[in-house]
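Next comes just one chain, in structure tokens: the form predicted alone.
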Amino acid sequence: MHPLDNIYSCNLCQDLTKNRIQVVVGDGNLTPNILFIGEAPGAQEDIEGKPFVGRSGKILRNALSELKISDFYITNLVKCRPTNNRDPTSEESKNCFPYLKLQLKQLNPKIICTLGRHSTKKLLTASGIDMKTITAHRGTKIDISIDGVKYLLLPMYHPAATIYNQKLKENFISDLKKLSDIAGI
């Protein structure tokens, strides 16, 4: 039995379990250089079973394609869609974090790129680092350790934020270019 197999029958978060269509684990290269971690699936992701396939996913995937970044895996902190696309609760994040840690162990990425404040806060907190704001941390290389394994973390704005605030799009693209440089692409 694969360690992530029981994720598909997980019912730790009753609200998410009763309202989800399916669990959204991840998508991409299984030996990635870069691991993108978003917050939680949206409506389209819940339907298709893949992360970042909706509107914000198109922004991310188009930008990655333009920058020729192809060696990546995408997942979310929370694996089930919160009702009405609300923010994941701290309990939901806590319940799903063991699954994310299993993914980190299996995928063993060189760089982790968190997309948004929820995934950034969870990884920083797990590494004993206080989260200020996403704006304070975005675009900054941070050394973290999860379960004794060291990673390079590069927090970024969530691509959905660029839909509502065009100024953030410049930062988003700039951070992706920085990621490309760090990854040696």
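Since we're looking at a predicted model, the values are computed, not measured. Just count from 1 along the sequence shown to find any residue number.
Another form, the form predicted together with uracil (URA), is not on view; read the next lines as being about it.
- Residue contact check for G26: none of its heavy atoms lie within 4.5 Å of uracil (URA) in the model of the complex.
- In the model of the complex, uracil (URA) lies farther than 4.5 Å from every heavy atom of I34.
- Under a 4.5 angstroms non-hydrogen atom cutoff, uracil (URA) in the model of the complex has N76 among its neighbouring residues.
- Within this chain, P51 lines the site of uracil (URA) in the model of the complex, having a heavy atom no more than 4.5 Å away.
- Considering uracil (URA) in the model of the complex, the lone stretch of 42-50, 64-72, 134-142, 121-129 in range is 42-50 [heavy atom distance within 4.5 Å].
- Along 143-158, a non-hydrogen atom within 4.5 Å of uracil (URA) in the model of the complex is carried only by H158.
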